[in-house]
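Here you get one chain, nothing else, as structure tokens; it is the form predicted alone.
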Amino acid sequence: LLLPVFQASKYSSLWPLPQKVQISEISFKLSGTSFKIVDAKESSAGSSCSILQSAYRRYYEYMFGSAKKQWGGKNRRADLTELHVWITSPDSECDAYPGVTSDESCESNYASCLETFSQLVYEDEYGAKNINSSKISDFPRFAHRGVLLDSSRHFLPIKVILANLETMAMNKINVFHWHIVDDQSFPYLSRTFPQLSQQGAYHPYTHVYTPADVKMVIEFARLRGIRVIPEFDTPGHTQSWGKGETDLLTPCFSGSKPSGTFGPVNPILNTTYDFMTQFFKEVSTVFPDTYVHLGGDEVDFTCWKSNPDIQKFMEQQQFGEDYSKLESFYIQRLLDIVSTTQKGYLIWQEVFDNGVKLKADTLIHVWKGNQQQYQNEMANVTASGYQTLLSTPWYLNRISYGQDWQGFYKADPQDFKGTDEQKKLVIGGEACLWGEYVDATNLTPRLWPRASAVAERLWSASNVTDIDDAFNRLSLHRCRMVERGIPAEPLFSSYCPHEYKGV
């Protein structure tokens, strides 16, 4: 006798696990021909709320397949014919963009509740849809639950980005951190500086994100309650910028002669700051989120050290031989520029580590070190009064044989030595999938369901840590993603009732 690979959880296939769940034995039949999702009479949002109406259609299809299929099918008996959606918050935020202060509790956020409802629906042995009488109260533990995708090392077609936004919503991830450009390529088509992608993209027509593409990504995300935070990382990671913008990067020297290569952004020229002012002014109008990620990591000082003009500037400023002071000089000016666009900013931890003067509402993104080191960093950042988010244990581009999702699941961003006040400054975390070895062919299965483990850690209560129960629910959740057309990879030897059909 072969036992099933996973056992049934008392929480069925719910993922991420809601804050309070009671599922009873009483079940109701549903039929696609009669079932409707409707606005409750008392709801503060109605039929004019396009964001709600599109969610109703989407979740109907998740539960029953396309409406066309239903009308050709048998008319099954149904006990439950309507789901009433009652938005109780006075502002339904129908046309607004999601933000860091958005209310994501079930009473205000249709998206997370519809996802939960759809997860409660199951098929019996006759193929009929059922749902058990349940009582659920839900809200997220952390406000910032992100996934970083890198479209510079490899260009990611829009279709792949949209499919992953769809999957993020299935996992209640609410931030798409778009690491859109880097050394390797500059696919962002800037209206102000079109030569950046003309020269810096892998190909100026086929491997760029046009303004219409970017708009589509932002709107697709908005309809699913997902924020889009772009990252334009400087002064390092900018080789592709220099191809279309002369004098932006520092010329490197070999002895007394230029070597023909370039280093980080040139921090001593006024033209650099004129460029950044115009560029980030555009970014602030294209991306509606109140935050932008400014990078600031891994700046190599070798080229700066070789350049005689920079050496002279260092003397004038009395920076001595400390090139992190020059980096801070640049970052400080950049932060001032971005502040004038009325945006808040996220920066990688090096900027904090190097002692740059930061605005009080700066978000510090922790990514370096082993467990001990990142826990110390979280303690230091929060002790200084800054809000922080964690990514170190969630670099999903690092792969290994076996069930590595368990390690992601066990990491907790509040697991460091600090006061309750410090813990409150942790706003969440992000799973990062850097793109050196990832493109459209393998991105989705590498990301899911491994990022689902991070999603539950950031959504569910801190005491939800039972790894066996997680395995049982995640196995079913992974099969549900597969049934919805997402090629999420398996956790272990198993099968799904509806297998992935391939491309």
Partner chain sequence: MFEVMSGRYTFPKYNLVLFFFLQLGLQSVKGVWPLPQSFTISSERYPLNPQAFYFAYGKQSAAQEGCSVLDEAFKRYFSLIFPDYISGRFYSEAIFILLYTLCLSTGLETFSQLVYQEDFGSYFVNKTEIEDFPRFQFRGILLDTSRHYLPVRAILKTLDAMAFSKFNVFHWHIVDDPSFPYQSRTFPDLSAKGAFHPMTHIYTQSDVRRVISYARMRGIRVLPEFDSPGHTQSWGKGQSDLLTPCYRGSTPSGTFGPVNPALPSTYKFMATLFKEVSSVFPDSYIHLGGDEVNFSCWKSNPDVRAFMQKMGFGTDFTKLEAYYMENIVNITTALNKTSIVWQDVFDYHERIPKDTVLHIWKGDPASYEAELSRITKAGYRVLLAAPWYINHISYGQDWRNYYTVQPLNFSGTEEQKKLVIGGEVCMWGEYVDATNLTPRLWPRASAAAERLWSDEKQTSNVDKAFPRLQDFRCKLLRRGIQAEPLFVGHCKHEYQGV
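Every value quoted in this text rests on a predicted model; they were computed, and no experiment measured them. Residue numbers count along the first chain shown, from 1.
We do not show the form predicted together with its partner chain, though everything after this point is about it.
My question is simply whether Y202 lines the interface with its partner chain in the predicted bound form - judged by any non-hydrogen atom within 4.5 Å.
Residue-level check for Y202: yes, a contact with its partner chain.
In the predicted bound form, P157 touching its partner chain (heavy atom, 4.5 Å)
Taking the distances in the predicted bound form, the answer for P157 is yes, it comes within 4.5 Å of its partner chain.
Using a 4.5 Å heavy atom cut-off, state whether E42 contacts its partner chain in the predicted bound form.
So E42 does not count as contacting its partner chain.
4.5 Å heavy atom contact, P445 to its partner chain in the predicted bound form
Result yes; P445 sits at the interface with its partner chain in the predicted bound form.
Please determine whether each residue of S102, S105 and M170 possesses a non-hydrogen atom within 4.5 angstroms of its partner chain in the predicted bound form.
Looking in the predicted bound form, the three residues S102, S105 and M170 all stay beyond 4.5 Å of its partner chain (heavy atoms).
Only one of Q414, T277, T290, Q184 comes within 4.5 Å of its partner chain in the predicted bound form by heavy atoms, so just point that one out.
Residue within 4.5 Å of the partner: Q184.
Segment that reaches its partner chain in the predicted bound form - one of 390-398, 117-125, 138-146, 219-227, heavy atoms within 4.5 Å:
Heavy-atom contact with the partner occurs in 390-398.
In the predicted bound form, which residues of 421-452 put a heavy atom within 4.5 Å of its partner chain?
The stretch 421-452, when checked against its partner chain in the predicted bound form, contributes E436, Y437, V438, D439, A440, T441, N442, T444, P445, R446 at the 4.5 Å heavy-atom cut-off.
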